[in-house]
Structures are given as C-alpha cells and as structure tokens.
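Listed next as structure tokens is one chain, alone, in the form predicted alone.
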C-alpha cells in the first residue's frame, strides 16, 4: 500500500498516480488486482450505485457502508473516502466524521472546497487530507468547466496555494482548463489529481463506471470508456434467459 510519503515522492520523481473510484467488495478487488495506486470511495456512489440525481442525496451512513466494503476488497491499497455533503461543515463535525471513515478502513479523506479551518483542524490531528477544487459537485449550480475566466482562475490558484500551505498531501482538480491544471501542479507541493484538468497534473482519477462502461449511455466529456461491461453483461444475461427458455 502506498504511504503518504510514497505518494508525495511520485510527484518528485515525475511518476503519475492512478486513482479510480470503487464502491463495493468485488470491484475493489478488481482494482487492486489491476495494480491501481489509490481507490476513491467517492460520493459519486449516490449517482452510479444508488441512482440519485445528486451527490447531496447521501450521508455518512452510506459512505461508511461502502467504505467498509471497499476496505475489505482492497486491503493492500490506499483508500480515500469522500466526506459527504454537510459532514464537514465545521471542524468538530468533520473530525468526528473523518474518524468514523478511518475506523472502517479509509486511509485518508477528501473534502470539497477550500475549507481552511476544517482542513487545518484535521491535519493537526494527524488525519491525511486530499483537497478538491474546481468544479465542486456537492455545491455546484452549473457543471460547466470552472476557471475559464481570469477571476475564476485567480481564485482557484489562490485556493490551491492556501490548502497546499495547510498540508494537504493531494488535491483533485475537477473540470478546469488544462493550462490552469498545469500551472497549479507546478506551484503546489501536493500531488495534483486531474479529472478533466488536462494531461499535466500529477495523476488522474475517473469513475469506475465510466472507465468500464458499466451503466451504459453517455459519460462526462472528460471521461474515457476503456471497456463496455454493460454490453457484455446484457449479452450474458440474455444468453442465460435463452438457456432457461
């Protein structure tokens, strides 16, 4: 399992970090067997696993359940657990909830936004934190690319430098211009993980269901489908139905 120091050394050695989401025992086993660097138990499980329209529709109960399952399936992989909507509203609440996620198998937690007081409190207590800047699904009013205007780009760089100074070991940059992803990656010590942030971040993360084509239909413009498990599954079940008939 990669330690925080080993993750940071990959940036120094210019080695890319690979991260994928996973939400259950079976797919966590698959990701670990494939050699993934880190697994993110993302609050995107609200959409891809439970069919909800927003990541705001789940809470700590769901995150604990799915994090525990992933930890059992990938015992030798660094697991990041998302802090769900409203679970990190203040330092005390965030501390309690982060500890609950670590207790069921997470090795670090991810927070959306430049929540300075919360991030500072968690890191001071020895809890490794991954930041998340750019497009923030928990609070976004629009899912368009963030950071295209000069004002947005300046604000995002300012936030990245601020949470980097606090000691986040990594930060996700979601759906931002490639040039901005590159600039932030050069300016911060933390490992930058892109999802729709171009090729020049220190690593990449994608949703497993997009990578494997599990749900069928469209995927985000910055994602890529590497397999079509949905089609294979439908064909397999159809063959099963025919065998019965």
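Nothing here was measured: the structure is a model prediction, and the numbers come from that model. Positions refer to the first chain, counted from 1.
Keep in mind that the form predicted in complex with 3-methyl-2-oxobutanoic acid (KIV) is missing from the display, and what follows is about it.
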query	finding
Partner contact for residue 212 in the predicted complex: 3-methyl-2-oxobutanoic acid (KIV), 4.5 angstroms, heavy atom	no
Contact flag, residue 44 vs 3-methyl-2-oxobutanoic acid (KIV) in the predicted complex, heavy atom cut 4.5 Å	yes
Residue 28: touches 3-methyl-2-oxobutanoic acid (KIV) in the predicted complex, heavy atom cutoff 4.5 angstroms	no
Residue 83: touches 3-methyl-2-oxobutanoic acid (KIV) in the predicted complex, heavy atom cutoff 4.5 angstroms	no
Answer option from 64, 36, 207, 190, heavy atom within 4.5 Å of 3-methyl-2-oxobutanoic acid (KIV) in the predicted complex	207
Residue (of 163, 98, 172, 106) lying close to 3-methyl-2-oxobutanoic acid (KIV) in the predicted complex, criterion heavy atoms within 4.5 Å	172
Location of 3-methyl-2-oxobutanoic acid (KIV) contact in the predicted complex, chosen stretch of 28-36, 199-207, 175-183, 65-73 [non-hydrogen atom, 4.5 Å]	199-207
Partner contacts for 120-144, taking 3-methyl-2-oxobutanoic acid (KIV) in the predicted complex and a 4.5 Å heavy atom cut-off	132
